[in-house]
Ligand code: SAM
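What follows is a single chain, given as structure tokens, in the form predicted alone.
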């Protein structure tokens, strides 16, 4: 039976990122891509539906995170605003030993992911709700080795949503375009308020995608219980600006 995606192309792109995909993983990625396109006809999951684009702009992009997770020996991963499962589900396919939790505020998207997980014979925790609420739940607060978000929000906003979930000693990973490197300096006051270390920007160029920036923020101290604030407050008054600036020693 013909594959939905170009398996060898995916294998090569993964290898270029230092990720080895076995036959089972490659077959699962093929099933995932096909299911994604099928579901996308019923619910708006992604604007990227061409098989070759799914390989590069979804799968390969997601896999840029894996070697960093392995370097940190991360065992638990929370994907905030997972949507169609990127990067969380893609990372689980590449490394089934990873304990993945997929969080989204839209239940229909989690229903899709539950179906796809079944087709892949994989399991992940599916968490429905808003990050700013769930981050105050003791079951999830500061419980994860790694927390990631593949989103367009500014870094101070993403950090407030995500850092409260990261355990002390863990890492928050923000997946962004290369232009986000400019955000790093401006976001440092907010990240300090949230218990994070100085952010690092790892830039890379992905063929057919362009330059990408993976921002790494280590968690050095517990986040104050007053964070995250309600979403309206986060949007209106991003941390690290004006009266929110931390005091300098």
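Predicted model, so just to flag it, every value in this text is computed and none were measured. Numbering follows the first chain given and starts at 1.
As for the form predicted in complex with S-adenosylmethionine, it is not shown, yet the points below apply to it.
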Any chance 103, 109 and 152 all have a heavy atom within 4.5 Å of S-adenosylmethionine in the predicted complex? yes
*Using heavy atoms and a 4.5 Å limit, would one call residue 28 a contact residue for S-adenosylmethionine in the predicted complex?*
no
Contact between residue 156 and S-adenosylmethionine in the predicted complex at 4.5 Å, heavy atoms? no
State yes or no: in the predicted complex, is some non-hydrogen atom of residue 83 no more than 4.5 angstroms from a non-hydrogen atom of S-adenosylmethionine? yes
*With a 4.5 Å heavy atom cut-off, would you call residue 167 a contact of S-adenosylmethionine in the predicted complex?*
no
Within 4.5 Å of S-adenosylmethionine in the predicted complex by heavy atoms, the stretch out of 138 to 146, 94 to 102, 125 to 133, 111 to 119 is 125 to 133
Applying a 4.5 angstroms cut-off on non-hydrogen atoms, the residues of 49 to 66 near S-adenosylmethionine in the predicted complex are 58
